[in-house]
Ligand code: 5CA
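Given as structure tokens, the chain that follows is alone and in the form predicted on its own.
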């Protein structure tokens, strides 16, 4: 079973039906995903994993924003955060960088959701592979991830 199918099944187990699409040109970066989907860069959800010690933290950021780790650390109640290595991402989520979905991970990960995503009715997130995405409302994304909504963008 490929990573996209694993994600779709995990989403269904969580009570959410995903309509994932494959894009042959790839969706590895936010810019690639926006071009493939045909939406604004800001409508792409970047699933970024950070760590504090060995503990993972997930940030779901708007494609146009660079994340300020200190803002997220404050929201998550930890001293500091650093970007996870590819191995740490795979170990925490079960997915590779470039295809990490916002939910359906191996373990429950504390999540912060970029408030800028609420400027849109629909946003697009990775569906488990570097060439797949799915549409979702920011409200559903908040509900299914149990995320803390916050301003995460660097000034």
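Positions refer to the first chain, counted from 1. Bear in mind that the values here come from a model prediction, so they are computed numbers and not experimental data.
What comes next is about the form predicted in complex with this ligand, which is not displayed.
Think of it this way: in the predicted complex, this ligand has a heavy atom of just one of 36, 51, 109, 97 within 4.5 Å, and the residue is 97.
Within 4.5 Å of some heavy atom of this ligand in the predicted complex lies at least one heavy atom of residue 47. Shown alone here, residue 93 lies farther than 4.5 Å from this ligand in the predicted complex, counting heavy atoms only. Residue contact with this ligand in the predicted complex: residue 123 places no heavy atom within 4.5 Å of it. Looking at residue 84, you'd find a heavy atom of it within 4.5 angstroms of this ligand in the predicted complex.
Taking a 4.5 Å heavy atom cutoff to this ligand in the predicted complex, none of the residues in 52 to 79 make contact.
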